[in-house]
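What follows is a pair of forms of the same protein chain, given separately as structure tokens and numbered structure 1 and structure 2.
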Structure 1
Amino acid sequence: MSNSSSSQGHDSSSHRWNHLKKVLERPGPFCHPEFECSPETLNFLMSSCKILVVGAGGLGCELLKNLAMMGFKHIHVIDMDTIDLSNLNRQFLFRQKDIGSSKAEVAAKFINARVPGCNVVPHFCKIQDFDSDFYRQFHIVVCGLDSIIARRWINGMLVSLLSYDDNEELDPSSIIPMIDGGTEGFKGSARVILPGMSACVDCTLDLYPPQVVYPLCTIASTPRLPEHCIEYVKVIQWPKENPFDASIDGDDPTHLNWIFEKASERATQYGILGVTYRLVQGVVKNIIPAVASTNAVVAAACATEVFKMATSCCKPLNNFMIFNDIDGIYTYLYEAEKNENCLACKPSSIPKYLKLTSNEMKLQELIQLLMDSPTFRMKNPGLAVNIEGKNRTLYMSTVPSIEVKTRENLKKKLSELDIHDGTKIMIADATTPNTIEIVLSIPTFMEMSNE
């Protein structure tokens, strides 16, 4: 009996990758024109190809499982979140005993134990904790994120790794493909991004709806919804009371509990029902509703694109697929076009311009323009300028000590800050890993008169 079991186990192991060999070791009608069938392709996939999965949530769990079962053995996964009870209905690599533990670490341990030979390396941290050398080691990056800001940051990092020659010709060997998946309820999408060649995340910012913003006058004076009460605590009460001497961390239970208690008090004051801990999480972290089946479909599409990219066995997706199963099942494929004016895609040697109406604009208005503009859509830009060879910080909200020192600049006009036509502004923001340099184009008095 034991011999029979051993024999069956050995046979199943030796034939485990037969389905991949059929695709990679013989030609077919859907092969890529430049594909050469060879046993070496599977060998590369299993022994050399390094994949980075960003996110170990609903999509990330599916991606890790799919990639491991498709033969990829060198996988890294990054996720800064810990496991919550609400995750267990769709993030199937986690169990009740794992609540409170790192998503990346638990997911990696599960896959490594379940798929022999697979080595998933977890990173329980932020994507911003790694430099360009870390990201440069991977052949493909696949994202299962619920944050546009994180997508833009990864996109910016991969774009920054591109190399150009003296004639601004792109070096193809410096391209690290990015496969990006996203879901919202019964809708989802998968896309293939070839940095420097095809449309990147910033090229198509208009595809992503802006985050819901509640009017300050409403949340402060006439709240009507539980979300208004939560937003009031988040935007007004937290900065005023500064309970933990830190900015809000949506993954810190003590922060969320404080917001929950204060929001509940405000809701009671105005006779509003519906403030729950889960809703607090949703508002603070901008959580998007998730459905397990949608995650599975989108992750399968993304994993297939990773496989095609790694092996060249078929032409990759060109380049955006939309999935919708609200009413029946519907998919649509189209090619997102590269935006020639995209700030992220442009080589750093090419100047980037921002046209303003006048240098009588206040610095606060310039910052708001950078946040509201469909081209920039920044979160909390910090601005610096180089005047007469000296760098000077105009405003930076992310460092408390610098914010206090530069706050008075917000009310000053650009002319008072010695900013004029041709001034180069250096901008740091959470949406990009690199400082963006923008040349301001400000019409002179004579040009304004002529107009």
Structure 2
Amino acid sequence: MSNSSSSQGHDSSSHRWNHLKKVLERPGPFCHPEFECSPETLNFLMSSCKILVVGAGGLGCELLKNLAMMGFKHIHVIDMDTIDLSNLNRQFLFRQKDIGSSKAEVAAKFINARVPGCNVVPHFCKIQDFDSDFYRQFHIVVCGLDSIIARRWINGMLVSLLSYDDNEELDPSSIIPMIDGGTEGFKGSARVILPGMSACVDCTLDLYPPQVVYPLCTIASTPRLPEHCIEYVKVIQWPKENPFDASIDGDDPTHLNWIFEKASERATQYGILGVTYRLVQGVVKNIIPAVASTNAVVAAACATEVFKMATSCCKPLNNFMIFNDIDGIYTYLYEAEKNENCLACKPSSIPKYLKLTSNEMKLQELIQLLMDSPTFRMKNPGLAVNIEGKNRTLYMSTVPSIEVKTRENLKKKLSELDIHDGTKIMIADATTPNTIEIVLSIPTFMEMSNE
């Protein structure tokens, strides 16, 4: 990747970059075997290498700074969020006066002003607003996201850009490496994904545990923790009383105050201690604690991997690093393994199967299975089948007009919908930009009785 055309006139000749030149222009015993030290490498970083940073939050701000300081000049950043006061303890490119502005835009402007020659292009929008042509232009994609769905979507996008030849061999030039960082409190992780080659986000879904959900019967009838009382107000009392004629807005203090008061009442009634305003906020907004230091560490680890990948100066991380500085400073490296049955990165020419126990199952149950199953973990799957050459939508929740038309299918059994063993269903979901095709495997009555 490093030996692309050079361009003259960039400031790669200035003393400013002497630090980088030493490691890029001198041979070393621990360099990647394919590393060729030359001024061309820094030229490549500065003139042609294009990086996409997804997220301009805690990790994103750090990533932009790190990449700009490591010689990268063509950086795009996407973030749909605006700046909030609670970001300022770590998202260091933002100031009080920036509250309410686009994270991507403010971050880009700051970096471009501080590091002359650096061109960060902001995109104040959703990742889904761009298609494959946009994502294809980048050499490397780095993610600093707090959402698993968004991570999976980017992962799915990069997988969809892979091309295979007639012998199912992956074309290496179609691979866009994905570097992914994540933090929670004093813990974090950084990983390197070579789509189609190494474990992808969906290969290792079990690494991203789903959010804790309290059982409804606990919050309704046997609350024990202050969290149970808050959940009760959020899930049951609010929809019933609808106090402000609106759904809950976690940033509206009148909403939070109402929940705080009602949850306190409920806690008092049950003799439960510990409902505080801070806890209410945490539960209602599902707040994940965050500090500047962990973001700094994880984003730096990611940026170093981008640098290694772009310059071939060292072998990249293979492929997962865990960080934790609760007790001393602890890191752990390991190789996450590719899942041969991964829904996302298994080549689309190879069919994927989903085993069901019977086609007496209702469509609603199939959808629930796609949401709950640890291999699918889908968000809002929309289903279609192709029967006798015709595409027929079974259910789709995301488009209201279609939802109304297909709603009655939910209660029907699969057999009533003409779905049998071997039926191919097509699934669209928020976790992927691609349509997932799955062949249902349903044991017939004969097979059942033989067993």
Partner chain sequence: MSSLSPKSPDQSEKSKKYDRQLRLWGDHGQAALEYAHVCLINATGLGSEILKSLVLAGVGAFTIVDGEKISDEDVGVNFFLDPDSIGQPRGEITTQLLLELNPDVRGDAIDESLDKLLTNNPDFFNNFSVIVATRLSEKEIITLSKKLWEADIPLIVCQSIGFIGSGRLQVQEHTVVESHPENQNPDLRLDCPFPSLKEYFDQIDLEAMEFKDHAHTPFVVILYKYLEKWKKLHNSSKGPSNFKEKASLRELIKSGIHRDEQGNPLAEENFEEAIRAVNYAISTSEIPQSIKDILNDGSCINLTGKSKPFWIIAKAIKDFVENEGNGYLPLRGTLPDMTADTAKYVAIQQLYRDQAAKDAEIVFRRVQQLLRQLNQPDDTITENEVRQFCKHASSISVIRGSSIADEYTFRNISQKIVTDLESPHNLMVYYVMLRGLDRFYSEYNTYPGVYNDQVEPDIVKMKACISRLISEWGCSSFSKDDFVHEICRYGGAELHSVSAFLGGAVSHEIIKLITKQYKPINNTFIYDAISAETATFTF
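By rigid core we mean the largest C-alpha set that fits within 1.5 Å across both forms. If you're wondering where the values come from, they're calculated on a predicted model, not measured in any experiment. For numbering, take structure 1's sequence and count from 1.
Here the chain taken from the form predicted together with its partner chain appears as structure 2, while structure 1 comes from elsewhere.
Once the cores line up, the CA of Ile149 ends up less than 2 angstroms apart between structure 1 and structure 2. After superposition on the rigid core, displacement of the C-alpha of Ala267 between structure 1 and structure 2 amounts to 2 Å or more. After superposing the rigid core, the C-alpha of Glu105 moves by less than 2 Å between structure 1 and structure 2. Core superposition places the C-alpha of Glu241 10.7 Å apart between structure 1 and structure 2.
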